[in-house]
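Just the one chain here, laid out as structure tokens, in the form predicted alone.
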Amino acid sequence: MKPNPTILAIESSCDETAAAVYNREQGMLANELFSQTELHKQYGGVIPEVASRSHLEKIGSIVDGTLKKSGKTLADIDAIAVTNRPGLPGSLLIGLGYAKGLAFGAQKPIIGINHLEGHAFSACIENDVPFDHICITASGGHSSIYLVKDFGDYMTLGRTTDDAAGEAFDKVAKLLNLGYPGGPIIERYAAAAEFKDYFNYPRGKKDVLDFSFSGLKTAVLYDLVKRDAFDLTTKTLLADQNIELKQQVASSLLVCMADIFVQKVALAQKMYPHVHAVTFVGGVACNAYIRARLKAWCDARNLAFFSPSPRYCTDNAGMIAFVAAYKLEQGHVDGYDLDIGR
């Protein structure tokens, strides 16, 4: 394989149809996606069948448009990368099937990429992040913390045991009739309440690195019931017009979640005091308040802090292409029998 290969990557693990072209020397030549947010908004969450159908409709035009924007043709591509785990099975199969067809037809190597590894190294796309470092990845489906030793060399320290951070945002936003996706809306309402902690929701276990947000979501629900603001029988928000209460709940929730992330980083850094930096990645890393809280903690301890640009926080193919580039340089390729995995 020639040095400095050019990668075409496809990402379709959930509700974004994405493609990217990357070359380490030239950088990210194109990073395109179609977001299905508007399709799923009416349901308050991602509907797998709707997601799969949308991927089928959009993937061809997204890949073609990405190649055109990059100034490359398929003949210029050295390998095709594709997310093959984890994710919605139907969504993954659309991307994988398309990638395998391209790779086999053009006789290009194919590389299956773990979506979470893509997120874990996304901060490295734009930044020279030192090793070893601690990485927190937080999104709608996953929340994990890693010790990252080198490209492709990382150890999982903790992971989601139930609801992920982004899922908790979505579910609380649904309780409050705020809409979907919940993260940006929760942050706006929290800002209106000045990011204060009004209700002191539980922070969970402080001595473990696994994440658990289901109890936090339940604590918010029962606090609303206790305040006669929610009817469990009819599953109705009785205080729908009480904007101040919604702002205070959103603010308390966000402060609590930021505290949890800081607690996890603090525990990990105590266990691995030699680390040089902290990265915060994934869709939840778009949250300016949580980013600021983590950065302040790092600054106080002379630790470098890195978080990707928003375009590399949410699901995207750029991070998949970046990981595939170093995997190909390390000699990792897959066969055309590549399948989806957990």
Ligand code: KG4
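Quantities reported herein were computed from a predicted structural model and do not represent experimental measurements. Numbers for residues come from their place in the sequence shown, where the first is 1.
We do not show the form predicted in complex with the named molecule, though everything after this point is about it.
- This chain is displayed without the named molecule, yet in the predicted bound form the stretch 275 to 283 from 49 to 57, 64 to 72, 275 to 283, 296 to 304 comes within 4.5 Å of it by heavy atoms.
- 166 is the sole member of 109, 204, 166, 112 with a non-hydrogen atom lying within 4.5 angstroms of the named molecule in the predicted bound form.
- For the candidate spot formed by 87, 89 and 117, no residue has a non-hydrogen atom within 4.5 angstroms of the named molecule in the predicted bound form.
- Proximity of residue 143 to the named molecule in the predicted bound form: non-hydrogen atoms within 4.5 Å are absent; the residue sits far from the partner.
- Within this chain, residue 215 is remote from the site of the named molecule in the predicted bound form, having no heavy atom within 4.5 Å.
- Residue 139 belongs to the set of residues with a heavy atom inside 4.5 Å of the named molecule in the predicted bound form.
- Contact check for residue 31: no non-hydrogen atom falls within 4.5 Å of the named molecule in the predicted bound form.
- Residue 16 is the only member of 15 to 30 with a non-hydrogen atom no more than 4.5 angstroms from the named molecule in the predicted bound form.
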